[in-house]
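Next up: a single chain in structure tokens, the form predicted alone.
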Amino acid sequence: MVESYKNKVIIAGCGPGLKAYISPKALYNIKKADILLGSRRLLKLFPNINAKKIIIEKNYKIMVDRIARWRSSMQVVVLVSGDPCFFSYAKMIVKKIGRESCIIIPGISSMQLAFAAIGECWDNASFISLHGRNTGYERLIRKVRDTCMVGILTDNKNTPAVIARWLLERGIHDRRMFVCESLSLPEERVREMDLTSAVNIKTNGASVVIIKK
């Protein structure tokens, strides 16, 4: 029996960047959308979709309120980078309209790709996101001290160099840092170094950082 998606919001995980990583189920539902919401980058992946396209930037609360209204008469599909259940604004949508009114289609997180890229399992790792956040470093320090492997989502402000500096200033030296950039894209780059070297590393945009004991 096919589940009815009437009056439900579909939250589709779009993976780490390359369209090939988006699941067939997500692509199928994206094609059926009346309204397609997402970042500029994600919307550019679907130039031939006839849905009304709406950009989500930092207007999350306003857009969530609108999604709650639109879903009663139109098929709303929200595009989320990576996996919707891993540090995304899908949480705000589910909280607003309820679990029973949402269909979440998983995606491949950049964190998954990062661990695969360095050849490490991630079932015993700890995770934190510094992306778009002004706090979180004390929590990061605790995680690094308490676990053997920590995966970190970064941004242009909370860079690998800044993270390395924080760790060294708190007396943490015996760690390796992996910096994973542009995962799945042609310009993908993965680098490994000690924390002292990482203080001077230059990165272009957001990256995934893994700290290993």
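Numbering starts at 1 and follows the sequence shown. Predicted model only: the values in this text are computed from it and were never measured.
This next part talks about the form predicted together with a small molecule, which is not shown.
Residues of just one listed stretch (150-158, 28-36, 42-50, 66-74) have heavy atoms within 4.5 Å of the small molecule in the predicted bound form: 150-158. Residue contact check for Ile211: none of its heavy atoms lie within 4.5 Å of the small molecule in the predicted bound form. At the 4.5 Å threshold, heavy atoms of Phe115 stay clear of the small molecule in the predicted bound form, well away from it. Mapping the unseen interface onto this chain, His131 counts among the residues with a heavy atom inside 4.5 Å of the small molecule in the predicted bound form.
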